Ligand code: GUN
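Next comes just one chain, in structure tokens: the form predicted alone.
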């Protein structure tokens, strides 16, 4: 692990994330949306919004998962992050999140609620420090880590990328 990655983990207080990479919640709204107001989508009240720092390195990836909320990715530092998305209809897309706008990257990317998604740094990149903002706020009750065989059975046309980005 290079020195910059070590500094980021230590200075930001990052911890291993269940999907891969490192994270730290940096914001959680004090105000909440009552469960009843969200028409049964969630198992309880949710904060208005949450945000985390998220760090991926060349030797790790964020495995396919989905949540019940929209998630906005923000690029802070390092190289290009690839966000791989399979929407509920099985359409696969790969988005480049980074600062090189002339190379087709964008500094933000929104993943819609219910889409399966995974991420990794682009080839040749050591790390990418990003942030993820979720609204209504993230709760691990809303998080589902993909089962490789079940996801391939559902979307066989995406077998290669599913195999690469699941555990």
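Computed from a prediction, not measured in an experiment: that's the story for all the values here. Numbering follows the first chain given and starts at 1.
There is another form of the same protein, the form predicted in complex with this ligand; it is not shown, and what comes next is about it.
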{"item": "Any non-hydrogen atom of residue 120 within 4.5 angstroms of this ligand in the predicted bound form", "value": "no"}
{"item": "Contact flag, residue 159 vs this ligand in the predicted bound form, heavy atom cut 4.5 Å", "value": "no"}
{"item": "Exercise: residue 148 in contact with this ligand in the predicted bound form, heavy atom 4.5 Å", "value": "no"}
{"item": "In the predicted bound form, residue 138 touching this ligand (heavy atom, 4.5 Å)", "value": "yes"}
{"item": "Candidate stretches 138-146, 29-37, 101-109, 120-128, one within 4.5 Å of this ligand in the predicted bound form by heavy atom", "value": "138-146"}
{"item": "All of 14, 22 and 75 within 4.5 Å of this ligand in the predicted bound form, heavy atom check", "value": "no"}
